[in-house]
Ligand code: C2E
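Take a look at this single chain, the form predicted on its own, given in structure tokens.
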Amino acid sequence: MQIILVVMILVLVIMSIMLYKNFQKYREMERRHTNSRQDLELAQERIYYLAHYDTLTDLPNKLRFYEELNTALAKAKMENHLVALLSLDLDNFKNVNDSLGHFYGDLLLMQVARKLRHIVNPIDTVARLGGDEFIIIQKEVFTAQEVIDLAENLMEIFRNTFLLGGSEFLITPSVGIAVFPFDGEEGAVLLKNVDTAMYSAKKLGKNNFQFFDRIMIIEILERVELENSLRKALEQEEFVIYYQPIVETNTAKIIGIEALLRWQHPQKGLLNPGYFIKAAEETGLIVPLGKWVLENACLQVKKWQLKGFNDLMLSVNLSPAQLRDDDLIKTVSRIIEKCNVIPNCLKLEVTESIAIENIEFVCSILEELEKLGVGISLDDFGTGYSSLSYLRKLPINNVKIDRSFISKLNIGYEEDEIAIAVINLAHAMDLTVTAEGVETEEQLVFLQEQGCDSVQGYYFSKPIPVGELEELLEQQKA
């Protein structure tokens, strides 16, 4: 009997131990299941976040934006109120990436996102569609003034500079606005129209906001036609170069020429750059066009030099896009070698406004060009800051006084003083001075009296084709 009792007790102990182990296994399985469920939930949340939000700025991305827009439009149709879209693009954002690197470009985007969140109502949506493009959905709008107020608040946050890499940058926005239901009743239409409005803001000089207007559609179609024609013109060699003489102020001797691009349009005739140059810059066609001008102008100058015009200096303009072109230095070097021209007979011109936009970057490029032996001229001088501090930094050897000052010489006292100051400043820094836009004898006499080195303008000659310029050179040689 005792043996049976002991056996029963042992069986109960063993069963208890087995039950306890099974219970522990169950608890462990339950814990793992709970953890797995939590991990799954976290993974699902992460997947949703990655699918719907921009990881850099934490703003809704394009997918989430469309969801928010469709919901806002559906509610607006039911409750009979307005919805506004404000599309924002940062002007010249590429300059930040090119000069400081993508790290600071990303830092700028994060700062912009933070500022945008602060100016909208809690019910509104700020999204990043990609790159430097942001968009705001202003919901439950009842008056146009509400939209204007938001647009003005948006512009206000860009009045102050952004601190990047220890330097202050003034960043400006171009903003387009489209309003439901006036500018479209569907999301896709509104988005297309707000983009049109934003590009209109860029076209009107950037740093402004524009409401969508149906007239813009016509302008956009004309612009597309122009861009297509430009590409065709480059392929079919419809461009020509005109040359404007640069003369020595005291002797009227032609000492240089400026190469100026013209388009021999098959239907519209000869077109000045004002008609097409902006479109060429915005489409990137200005880079191959600039190479074409530089190479063909150098080839032409070489021909003139072989005819005995050895002292002729060629001036060619560089666009902002060319300065940002990674192959610029190689391109200039290759053209000099191919055309067999003496480097110091070539002068490359950059405008003052472009030079000061990002002076450290521009300086580095100009210094590399200077090493090739070419001259550097600062064009349109006087229209920007005209600061001695930045003028000392730039590796230039010539400044060109903007025609806006020359046209008012002997008329406005202020313009006379500016011209005198520029000439004296340049000479004090051992730079030569060229005055653009000289059209009268009185202007020439004034510049002679002030010691201006060279001049160009209609008083001597307008831009002319190769044959006519060669005749002038032959006359001077005789």
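From 1 onward, residues are counted along the sequence shown. Fair warning: this is a prediction, and the values are worked out from it, not measured in the lab.
Missing here is the form predicted together with the ligand; even so, the following discussion is about that form.
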| item | value |
| --- | --- |
| Residue 262: touches the ligand in the predicted complex, heavy atom cutoff 4.5 angstroms | yes |
| Touches the ligand in the predicted complex: residue 272 (any heavy atom, 4.5 Å) | yes |
| 4.5 Å heavy atom contact, residue 349 to the ligand in the predicted complex | yes |
| 4.5 angstroms heavy atom contact with the ligand in the predicted complex for residue 380 | yes |
| Of 116, 179, 318, 369, the one that lies within 4.5 Å of the ligand in the predicted complex (heavy atoms) | 318 |
| Candidate from 322, 358, 249, 196 lying within 4.5 Å of the ligand in the predicted complex - any heavy atom | 322 |
| Partner-proximal stretch of 76-84, 358-366, 157-165, 272-280 relative to the ligand in the predicted complex, 4.5 angstroms, heavy atom | 272-280 |
| Residues of 283-302 having any heavy atom within 4.5 Å of the ligand in the predicted complex, listed in sequence order | 286, 293 |
